[in-house]
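One chain comes next, on its own, written as structure tokens: the form predicted alone.
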């Protein structure tokens, strides 16, 4: 059973400048609710019991968001507004599930994952990237169901335009297991169009084995001078660790760019 999830939040958010120059991008409202809350709710609905948020000191406002008790208590005392009471209760409910870990130097997602090593208890855990929203169907829940069936690691997969493969980690697939799941032969981080083995991209949902931490310790920085989680995953695959690419059924929204952020609000507003 997957009980823990980690969410890396320490990134600089340069794709959302100038908004992210003064505000943590994960707290920017999407249809009236911070983007991070959609990710947390996805975890809860998938049965996750503990969520580890990886932040930096520059993003302390994310922690403050969950610990702003005086503000809520003073406001409730003055107004006794049922909506405000409901919001505060929701924040308290989230807070009971959350731990904070710090990554103060932006060394990549792989380094962020490594910061959580001492908190991970079970053989497998879930990781979600906050820029990737998946609506209409709970991607994490369906991935956990695949994990239960095959007892191996799982990564979310989506077909992308062949001209855009250099933006993504790209799968080379081997055996088809069922309508949505394939065994992975290889993962290549941001290949050129000519070198891409497919147009099946890694999307920001992963069920990872605890064994990945030892690989991350040995993983050296690559593209952009960062430690990429895909490099550590590739190392595990080469050592015969099985990974499944899961073609999720929900609708993918990239809220990590200005245009994507605007579009995410529009799409969620239609629900």
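Since the model is a prediction, treat every value here as computed from it, not as a measurement. Residue numbers count along the first chain shown, from 1.
Beyond what is shown, the protein has a form predicted in complex with a small molecule; the following relates to that form.
Looking at 216-224, 59-67, 238-246, 201-209, the stretch with residues near the small molecule in the predicted complex, meaning non-hydrogen atoms within 4.5 angstroms, turns out to be 201-209. Residue 117 falls outside the set of residues with a heavy atom inside 4.5 Å of the small molecule in the predicted complex. Taking the partner from elsewhere, residue 168 is found to have a heavy atom lying within 4.5 Å of the small molecule in the predicted complex. The small molecule is not drawn, but in the predicted complex it has no heavy atom within 4.5 Å of residue 111. At a distance threshold of 4.5 angstroms between non-hydrogen atoms, residue 129 is in contact with the small molecule in the predicted complex. 190 is the sole member of 190, 149, 185, 99 with a non-hydrogen atom within 4.5 Å of the small molecule in the predicted complex.
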